[in-house]
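Taken one at a time, structure 1 and structure 2 that follow are two forms of one protein chain, written as structure tokens.
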Structure 1
Amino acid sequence: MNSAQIEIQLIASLVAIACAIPGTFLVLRKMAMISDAISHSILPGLVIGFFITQDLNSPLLILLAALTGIITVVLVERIQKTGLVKEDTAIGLVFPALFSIGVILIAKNANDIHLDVDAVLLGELAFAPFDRLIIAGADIGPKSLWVIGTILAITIGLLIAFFKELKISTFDAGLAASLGFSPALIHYGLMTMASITTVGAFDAVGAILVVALMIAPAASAYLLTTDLKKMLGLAIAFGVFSAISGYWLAHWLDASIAGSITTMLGILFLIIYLFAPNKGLIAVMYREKQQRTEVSLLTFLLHLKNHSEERERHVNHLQEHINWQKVRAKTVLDLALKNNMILINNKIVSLTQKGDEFTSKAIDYIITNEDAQIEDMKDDFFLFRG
């Protein structure tokens, strides 16, 4: 690997870490798409900053772009609070308007500037190592590396300093207010950092990758854990892994680096979405199948308790009386036998003492509208699940 390759991967990794931290809180606050709004609506702030300073490297661009991001959040919330439209609709109204203002400003006052898809939407990490930061004639590395590194250091510092406040206000704003925290102040502080991170990463990676790095790693981590610290750690790890593997995928395919990183983020999320132990699609489908079988078992036990006639409890006639298919009837019978809920004598099914006790408790819970407790009762009675 040459130095440019190392620098590209380092910049991409720092961007991934810087985006994962605010992105985690955005996902938990159900504000994921606000990152997309911010990444587009900062354009007029960048343009106005450039018109004022005539310098693309001026810190004023970052400040004005971050201010535009905050304005975006405020406008979205104001529109949403009217109750006339929902948050997603408000976002869809605000950021195209602000983005269009930026495009019009460029077209009217800087029409010799080429606003292409790569620069604004996809970004181009391959060019980042060539934009160097020179101080007193000394080359101290890529400018993007220093910009995003500084933003990351500030973000980590603020996260450590205000972690408790962020955590409480994210999960319970009312409790945060009662403890003396200002949920609004914390909220706008988070939005400010998200805006500044977006601006810092915008030049190197573009709007699409900023959104992907903010949301995809955090969403993937959300499917694997309910612990905030673990979620932050996993989001950072997923972001860095996707950044590095995406770079080498782009190198292998001779394709866009930003596009390849976004692709890796999508693949990683898809794998976790399918195979996550508790929240993955396969696990959820299996659990739903298990619950259907257990509901069928409860229905079967209630049928036995309510019918003493042998013809109603004959093995060969269960599917007739409970309207089950043969396979389903056999599955429920096997589960009941495994859990010692029933006895079969001369093909006549009877409740055991354990089965009778379980069914009686289930009836009590259902009558008292406390059927949610049946899940706890299953854990006490069942040795085998459906």
Structure 2
Amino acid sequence: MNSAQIEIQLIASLVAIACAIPGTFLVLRKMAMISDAISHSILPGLVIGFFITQDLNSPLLILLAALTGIITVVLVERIQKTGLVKEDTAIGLVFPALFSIGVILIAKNANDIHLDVDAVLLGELAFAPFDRLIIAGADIGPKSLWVIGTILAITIGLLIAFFKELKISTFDAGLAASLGFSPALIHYGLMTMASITTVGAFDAVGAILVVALMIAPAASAYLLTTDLKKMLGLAIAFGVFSAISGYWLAHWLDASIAGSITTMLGILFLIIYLFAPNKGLIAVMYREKQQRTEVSLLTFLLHLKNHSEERERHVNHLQEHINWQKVRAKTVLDLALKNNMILINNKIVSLTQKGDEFTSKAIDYIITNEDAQIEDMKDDFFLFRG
């Protein structure tokens, strides 16, 4: 590994961390698509900033572009407030318009601006190590490393300083307001950080990858934990892992680094989406199947308890009357028998003592919704968990 390779991986990792932190909050606040809007609409800000500064890594340019991001957010909210269109339509109207203005500005000034729209969208991480920051004649590393490093430091600083406020306002805006934290201030603070991070990251990884790095690690972490700190930690870890493995994938395929990192994020998300222990697709489907059987069992037991008539308790009734298919009816019957909940005499089903008690207890729980009564049932039944 040469030093350029290390620098690229370092930059990619820092970008991943800087994106994962605001991304986690955006996902939790149901504002993921705002990051998509910001990432596109910073383009005109970048172009205008470039006219003024002539330097893609200048702090002024970053601030100007970030300002466009905030303008986007404000504009979207303003349009939503008019009630003229539905909320999501407002986002979809604002960012293509701003992006188009950016593209046209570049096209009209093609001779003065060496900005490439492809590069804005896709970034070119491979070139990042060639643009060095030289202070007093000494080479102290690639410029974008310093840019993203500074942004990351600010992000972490703000995160630590305002963690409590962010947490409360994310989960309970009303409570936050009553405690005296202005939800609006935190909201715009977060939007500002998201905009600055997007601008700082775009020229290394491109606007679309910024969106992926914000949303995908957070969404993956969301499927694994409900604890905010753990979610942040996991999102950062996933981001860094994808950044480094993505780099080597690109190296191996000789393809775009940004595209490869996104692809790794995609693979990671797909795996977690399928296999996450509680919220993954397979777990959910297994649980649903289990719950279906349990609900059927309880329905069946309840039915027996509710009806003393023999006609209603005949084995065949389960099929005809409750409207279940043969297989399902048999599964339920077997399950109840195995657990000593029922007795079958002459094809007439009746509850055992155990079955009767169990059913009463379950019904009590269902109606009162009081957890304490069924603590011991939770081990056996999915139904009563979470």
Partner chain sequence: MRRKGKIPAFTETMDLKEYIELVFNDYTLRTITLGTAILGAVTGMLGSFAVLRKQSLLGDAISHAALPGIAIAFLITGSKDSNTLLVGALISGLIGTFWIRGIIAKTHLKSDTALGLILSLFFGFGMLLLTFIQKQPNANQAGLDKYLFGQAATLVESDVWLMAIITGLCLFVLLFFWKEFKLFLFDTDYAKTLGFNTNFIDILITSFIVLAIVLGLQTVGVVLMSAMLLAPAAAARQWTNSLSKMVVLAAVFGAFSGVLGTAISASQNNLSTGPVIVIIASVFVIFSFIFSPSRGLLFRQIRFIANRRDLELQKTLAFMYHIAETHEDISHPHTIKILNNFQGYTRKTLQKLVDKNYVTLDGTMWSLTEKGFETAANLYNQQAIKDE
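For clarity, a rigid core is taken as the largest C-alpha set superposing within 1.5 Å between two forms. For numbering, take structure 1's sequence and count from 1. Values in this document were obtained by computation on a predicted structure and should not be read as measured data.
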Since only one of the two is the form predicted on its own, can you say which one? 1
Core fit, then Ile160 C-alpha moves 2 Å or more between structure 1 and structure 2: no
Using a rigid core superposition, assess whether Asp88 undergoes a CA shift of 2 Å or more between structure 1 and structure 2. yes
For Ala37, is the CA shift between structure 1 and structure 2 at least 2 Å following rigid-core superposition? no
Using the rigid core as the frame, report the C-alpha movement of Lys347 between structure 1 and structure 2, one decimal, in Å. 6.0
State the core-superposed CA shift for Leu337 between structure 1 and structure 2, in Å to one decimal. 2.7
